[in-house]
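Here you get one chain, nothing else, as structure tokens; it is the form predicted alone.
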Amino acid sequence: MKPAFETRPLSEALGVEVLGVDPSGSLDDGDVAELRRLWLAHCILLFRGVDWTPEQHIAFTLQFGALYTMPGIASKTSTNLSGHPEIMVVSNIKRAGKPIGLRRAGWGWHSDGEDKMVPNMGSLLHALKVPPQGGDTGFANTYKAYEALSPAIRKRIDGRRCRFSRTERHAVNYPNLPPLTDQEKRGRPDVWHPITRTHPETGRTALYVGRWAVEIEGIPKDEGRALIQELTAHAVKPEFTYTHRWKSGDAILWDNRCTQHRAMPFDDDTYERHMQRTTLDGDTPYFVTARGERMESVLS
């Protein structure tokens, strides 16, 4: 049996740092299986001092699943790495007066791809340059958030879906970007996801509601919006969260199926922050009810 890697907890809420593992190097099947076990158990994995090529970044991520290429919505120039479209560039740096990546990406609690029919399973963000202050990333354990809900709230939301809308929330979540084109709106139709999501590998239930959520089925819209605000605030209470202060060379792999995250704002007119991210493709969210019925996401 493969010996367990040495780890260091990042917080009581979630996350471990994996010690003595170079993700740019060669890993055998046993190594990958152990890393996946740790990932599923702790929701996020941190590797320090990572120095790899884009090819190595991509190769490591592929050991966890198929890659998803980010489409660069509402961006006039590509936000993917030249020659390696599998890598999304998260950066406020400009070269020759043009941005080389997406500025102010994820400045609000969410899970990647939550506004798509098939959200992203996981994401792997690597820090190349970080500001001297600010620019941290918060992570929230949505297993713990669900488990801490009152029985009354659980009864109210179990088995219900929530509508996620890129069209309605784009201007709110990305006020610095141009509006969506008609083609982009058609390519990102609204989707109804289960508010309580069953993790396909662990079987645990996570609260699944983020910044693209706008409506809850079976509940009047105003009442539903108030409940969404209550749930999103609950999901990111301090007891469920960990805030990561980045160092150059840090790489974090997180599970979008049971976490939320947000990039913390910083003075991006003064300081530079440059990151590269690979994104894992996912599967259609579902929830298994107490009666054993399976409820899946549906397009609006």
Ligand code: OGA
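A quick note: this is a predicted structure, and the numbers were derived from the prediction, not measured. Residues carry their position along the shown sequence, with the first being 1.
We do not show the form predicted in complex with the ligand, though everything after this point is about it.
S.K.: Do T137 and the ligand share at least one heavy atom pair within 4.5 Å in the predicted complex?
M.R.: Yes - in the predicted complex, heavy atoms of T137 and the ligand come within 4.5 Å of each other.
S.K.: Quick check on R273: any heavy atom within 4.5 Å of the ligand in the predicted complex?
M.R.: Yes - in the predicted complex, heavy atoms of R273 and the ligand come within 4.5 Å of each other.
S.K.: Can you check whether H261 is within 4.5 Å of the ligand in the predicted complex, heavy atom basis?
M.R.: Yes.
S.K.: Does at least one non-hydrogen atom of I157 fall within 4.5 angstroms of the ligand in the predicted complex?
M.R.: Contact check for I157: no, nothing within 4.5 Å of the ligand in the predicted complex.
S.K.: Please pick out the stretch from 41 to 49, 28 to 36, 57 to 65, 253 to 261 that is in contact with the ligand in the predicted complex, where contact means heavy atoms within 4.5 Å.
M.R.: Going through the listed ranges, the match is 253 to 261.
S.K.: Have a look at K116, K144, H110, R161 for me and say which one sits with a heavy atom within 4.5 Å of the ligand in the predicted complex.
M.R.: Going through each option in turn, the one that passes is H110.
S.K.: Of the residues V191, L81, I228, A105, which one places a heavy atom within 4.5 Å of the ligand in the predicted complex?
M.R.: It is A105.
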